[in-house]
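What follows is one chain in structure tokens, specifically the form predicted on its own.
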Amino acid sequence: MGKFKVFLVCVGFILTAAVAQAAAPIKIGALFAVSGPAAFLGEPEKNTLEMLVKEINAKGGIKGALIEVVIYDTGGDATKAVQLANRLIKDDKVVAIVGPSTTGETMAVKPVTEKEKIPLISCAAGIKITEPVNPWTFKTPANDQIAGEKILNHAGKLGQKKLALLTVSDGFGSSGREQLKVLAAKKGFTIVADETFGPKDTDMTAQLTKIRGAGADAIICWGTNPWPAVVTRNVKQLGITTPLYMSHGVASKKYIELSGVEAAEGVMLPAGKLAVFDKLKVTDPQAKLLAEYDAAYRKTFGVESSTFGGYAYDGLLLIADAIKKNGATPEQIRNGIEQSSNLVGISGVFNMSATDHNGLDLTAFEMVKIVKGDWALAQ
């Protein structure tokens, strides 16, 4: 064989290898509570991620490489989440993980992904997920501190200075309680009642009876479904007329359904703009994306989109943007996410940095009020 033919054969091998390398799928893992009490979080997250992957792949993938997503159902169990995280990393060889759905699961999984140096983009809101900052951990829901501040700013505007807290004693509730107490002290509010309930409690009338006698101007309940819905029904049953605030942890129509339209009437909470996207100004940077996401979700699944599904959307959005900028190794993805600037997502406009692995501010939320079974902007 002549030198020229040898050269052509070598070039052929190189080109073939290059094409094969370019065509190798990018494997991304996901941990969602698709079943169990937190299924209202995990189901829309799973649906959204699968829908978005299909959409990206239909357009040719990312830089010519298709995305392969491996999704496991944690059932909301922290121990199971850790086992599945190890499986994603060691057996499935993923380059990044979206999820878990809850704060407790995320805090259990964090040590695994940080040790293995795999980017984790949590779909849970607890501030302790990203504070203090670890290089390998990010999250897409706005911090509970921001949600708490949004509530207190609104309560202050209405002259509601005496507050009663009713929080669930899990990771999300404990974090919210802590943030609310710190913020209340800074902003000149008085906590006149500080009650908690367990994740398995089915009636909160005892706590609410104590709160009724405390003279609060407003009640703030912090938790995720189904327990806040129980609180809402109990408030109605006891005839309590004190204004009731919920956390962003119930920002889906499932909460209204579980509470009952009559009991939920007038409840206020900070919600991502997706809940009221059709009421936003056309100049809002998120308006177009939110409308497109809701339309696609309705078309694919036959129901309206959910704020919680948006958390998974943003997780993949951050990963895809990082790959486009830097490359598809775990370290390149990590670096790319940390460099995200003015990235418009479902949860808000992300501006990450080495000291901020959430990247959202107060503009991520709108204060909403439940009126006749639907969301309205709170005045």
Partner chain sequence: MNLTDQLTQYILSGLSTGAIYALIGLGFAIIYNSTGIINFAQGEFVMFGGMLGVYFFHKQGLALPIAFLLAVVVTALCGVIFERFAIRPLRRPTPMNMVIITIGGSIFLRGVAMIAWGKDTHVLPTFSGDEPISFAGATLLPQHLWIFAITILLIIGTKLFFSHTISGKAMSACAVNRRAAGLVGIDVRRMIMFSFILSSAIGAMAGIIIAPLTMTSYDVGVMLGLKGFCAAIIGGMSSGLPTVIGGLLLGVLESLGAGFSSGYKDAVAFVILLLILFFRPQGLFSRGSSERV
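Numbering follows the first chain given and starts at 1. Every value quoted in this text rests on a predicted model; they were computed, and no experiment measured them.
There is another form of the same protein, the form predicted together with the partner chain; it is not shown, and what comes next is about it.
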Interface stretch in the model of the complex with the partner chain - options 79-87, 270-278, 140-148, 207-215, non-hydrogen atom within 4.5 Å: 207-215
task: Could you tell me which one of E292, E262, D92, E131 places a heavy atom within 4.5 Å of the partner chain in the model of the complex?
output: E262
message: Please identify the residue among L52, I62, A39, V70 with any heavy atom within 4.5 Å of the partner chain in the model of the complex.
response: A39
- prompt: Taking the shortest heavy atom distance, is S35 within 4.5 Å of the partner chain in the model of the complex?
  reply: yes
query: Heavy atom to heavy atom, is K299 within 4.5 Å of the partner chain in the model of the complex?
result: no
- prompt: Contact between D203 and the partner chain in the model of the complex at 4.5 Å, heavy atoms?
  reply: yes
is_contact(L238, the partner chain) in the model of the complex, heavy atom dist at most 4.5 Å: yes
statement: Those residues of 253-268 with a non-hydrogen atom no more than 4.5 Å from the partner chain in the model of the complex are K254, E257, L258, E262
